[in-house]
Structure formats: structure tokens, C-alpha cells
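Encoded as C-alpha cells, the following chain is the form predicted alone, with no partner shown.
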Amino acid sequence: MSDATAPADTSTAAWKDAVFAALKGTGVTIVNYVPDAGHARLISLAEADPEITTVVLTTEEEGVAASAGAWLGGARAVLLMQSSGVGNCINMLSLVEACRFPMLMLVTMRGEWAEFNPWQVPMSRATETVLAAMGVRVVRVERAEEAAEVVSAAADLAYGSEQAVAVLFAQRLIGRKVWK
């Protein structure tokens, strides 16, 4: 791989900070999440921001309902999860489709590049397909420099057109997982 095609340096938090700024710029005030190392920086920034309410979930489908409830209450929410959690949300996404709630999900991918855990692989292969089958628009981010713009555009689509949109952050972008 030449330097011209190498992915951007993912060891810095700069692109994650830019994603957080993009979320704030689109009016997101609630961050629903299941703890995930791939979203750790974003969660930390949200928790430190007095204008953001964070909600720790016990399972990802709670975040679908919580995000819909936020919209009914006049707020914009985002749901942060790992690709393995997408499988927990499938039935609950019927609520979003049937009621036309806007929904923004940021999904860190596992089961891809350099994965060491075989349990992550099947859901990784299915994530994009099952989200699309439930009526969710799916966009993928492979490069750090495009992350904030993609998230901003996804939020505009979700909240401007009352659509469900998922942004998938490639595992290579998040970085190699190491068993500790």
C-alpha cells in the first residue's frame, strides 16, 4: 500500500472530536449509548458537555425507543453502538419505520479488519444488510477526514427528512482491537 492510499492516522482523537462538533452543530442534545471502546472519545466528550444529556443503555434497542421519545419531546438524539448491537435493534426499528421517527445511529464496526474475535464476524457481515432491510439508510466511513462531514450530512438527512440513518465507522478507522 502506498502512502497515497493509506488510511489517515487513526491514533489521534481529532476526527472523533470533529464528529462530536458535527453532532452539536446539527442540534443533537441527547446521546444514548451502550459503552463501547470505539465510541469512548465521543462518549467522554458528550459526558463533559453541559449542553448534552447522556443516557447509558443496558441494550441497544432501548436507544431506539429513547431516541424516538426524544424526538416526540422536541429534542434530537443520537444512538451510539457497536455493530454487534445492531442485531438487538432490528425488531425495535419497526417503530421508527412505522411511525416515521427520525433516527441517527453511529455504529462502530467489529468483525472486519484484523478482528481477533470470531463472534464478531457474522453480525459484521449482516449489519449493513439488516439495517437496509429495516428501511435504514446506511453510509460508511472509511477515512478519518470524511467522518465529520458524513455525520453532519446523515443528521441532516435523518432530521430534515424524518429518515433512519446509520453511519458505520469501519473497524480499520477505529483501529485494531487488542485482547487485554
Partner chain sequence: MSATVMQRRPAVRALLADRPADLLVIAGLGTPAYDLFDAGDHDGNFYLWGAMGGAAMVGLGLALARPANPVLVLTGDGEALMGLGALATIGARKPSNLSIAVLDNGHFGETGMQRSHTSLGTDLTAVAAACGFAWTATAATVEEARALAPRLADRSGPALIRLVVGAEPLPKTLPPRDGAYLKTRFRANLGLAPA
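Nothing here was measured: the structure is a model prediction, and the numbers come from that model. Residue numbers count along the first chain shown, from 1.
Keep in mind that the form predicted together with the partner chain is not shown, yet the notes after this line are about it.
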Practice problem: Flag G135 as yes or no: does it have a non-hydrogen atom within 4.5 angstroms of any non-hydrogen atom of the partner chain in the model of the complex? | Solution: no
Quiz item: Should E162 be counted as a contact of the partner chain in the model of the complex, where contact means heavy atoms within 4.5 Å?
Solution: yes
Exercise. Give a yes or no for G69: in the model of the complex, does one of its heavy atoms lie within 4.5 Å of a heavy atom belonging to the partner chain?
Key: yes
Self-check item: Non-hydrogen atom contact V121 with the partner chain in the model of the complex at 4.5 angstroms
Solution: no
Practice problem: May I ask whether A65, G73 and M92 each come within 4.5 Å of the partner chain in the model of the complex, counting any non-hydrogen atom? | Solution: yes
Quiz item: Using a 4.5 Å heavy atom cut-off, which stretch among 147-155, 122-130, 109-117, 47-55 contacts the partner chain in the model of the complex?
Solution: 47-55
Exercise. Check each residue of 16-36 against the partner chain in the model of the complex and list those with a heavy atom within 4.5 Å, in sequence order.
Key: I30
